[in-house]
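Below you'll find only one chain, the form predicted on its own, shown as structure tokens.
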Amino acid sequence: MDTSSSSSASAAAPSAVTFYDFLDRMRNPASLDLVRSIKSFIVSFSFNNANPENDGKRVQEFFTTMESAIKDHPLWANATIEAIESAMEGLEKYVMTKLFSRTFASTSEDVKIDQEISEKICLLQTFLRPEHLDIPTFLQNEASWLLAEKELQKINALKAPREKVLCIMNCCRIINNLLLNASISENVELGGADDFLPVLIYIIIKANPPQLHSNIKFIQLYRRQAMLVSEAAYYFTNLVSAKTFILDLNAKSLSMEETEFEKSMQAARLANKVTLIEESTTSNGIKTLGEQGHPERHDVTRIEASAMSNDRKSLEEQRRVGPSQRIYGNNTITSGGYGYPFMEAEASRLTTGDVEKLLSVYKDVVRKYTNLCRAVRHVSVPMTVAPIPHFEGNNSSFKQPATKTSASTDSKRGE
């Protein structure tokens, strides 16, 4: 653990030094020709429509051209190989930070795959255990796993390809150290892909890093190919394999009976649907009353569906009310589910005296909804229930790019 933490810190410091040194040299008047070339590329690139494969080739070709230009430039006269590499790392970070919004998750297909992986991982999190991936007990170290998860979850907050790769490497080094320590303490030979990959898969499922597919694709296309070798290439390849495994995962992929797997997935889908309904209902209910400026909105958030006697109401009784009924000047609400006098009311016509009626209506809705949820949870769900549907800039001067963390915002779903 200490080794991985120190390696993470030591890797971050040179990265910052490298980048700031690159910016300092680009501010030198002698670098005007390089600056023009970089700005011209960024501007021309930004005007073209997204085409990931072609975009990746263009960026790689630009890096190769610029590397030759830097080697021949007076500012790097007699520079060491390390100095040239530092300049190229700085160039990569600058260019890809500027082009991040244009190149990351740039197609609807990428967004769809990201959503598919994330939703599947959410389902797997509810029942998957280490033993399902044949991970031995002596490798089940929650403290080490948590550190690895946190490293992997950082990946989506960064924009430079190299920094994303470092997150992957730090995560994988923690796993590697775990295998090494376990092999010594248990006196067994570990460290191969057969031992490493299952642990990595489990950590990915526990972490559920946002936009995993897009992050992997971003690295594949825009990390300089000359640098994606050796240890970095090994760990990155394992991450790609783990992502593919999760995307294609089924009962045959696990040490688990197929019927048990299908039941667990079905239960997870149903639980997720109920959760979404609860969140949507709660959010919409609080917003509706809150927007009217009523002080009772704080009481609404504390409402508990305590009417246990209503649990046994039959569906026939719920249907008896018939079409919507209008109630004027009456505080009672029909229990049938359709007699809501404010369905067609306008906000401008509501008065303070309507608050009590609105609260009664809201309690009635919550009561019925709670009873429905209890009934759904006890219904025997067929094995063929359909799965949840999938919903689908450039500065003119060389300044440090904004370090504001990018956060993916989930689309709101309405029921």
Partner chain sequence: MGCSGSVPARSSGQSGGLNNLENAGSSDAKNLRVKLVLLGDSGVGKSCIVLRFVRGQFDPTSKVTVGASFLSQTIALQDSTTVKFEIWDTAGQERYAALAPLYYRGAAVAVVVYDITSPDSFNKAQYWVKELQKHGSPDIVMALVGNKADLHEKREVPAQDGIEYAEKNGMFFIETSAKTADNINQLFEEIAKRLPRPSPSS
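Residue numbers count along the first chain shown, from 1. Since this is a predicted model, take the numbers as computed values, not measurements.
Although it is not shown, the form predicted together with its partner chain is what the next lines describe.
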| Picking from 159-167, 75-83, 113-121, 254-262, which part of the chain touches its partner chain in the predicted complex when contact means heavy atoms within 4.5 Å? | 254-262
| query | Does the trio 133, 195 and 241 actually contact its partner chain in the predicted complex, every residue with a heavy atom within 4.5 Å? | reply | yes
| Sole residue of 245, 104, 94, 145 within 4.5 Å of its partner chain in the predicted complex, by heavy atom | 245
| remark: Interface check vs its partner chain in the predicted complex: of 221, 201, 155, 87, the one with a heavy atom inside 4.5 Å is 201
| message | Please determine whether residue 176 contacts its partner chain in the predicted complex, using a 4.5 Å cut-off between heavy atoms. | response | yes
| Can residue 127 be called a contact residue for its partner chain in the predicted complex at 4.5 Å between heavy atoms? | no
| field | 4.5 angstroms heavy atom contact with its partner chain in the predicted complex for residue 233 | value | yes
| query | Hey, in the predicted complex, does residue 99 get a heavy atom within 4.5 angstroms of its partner chain? | reply | no
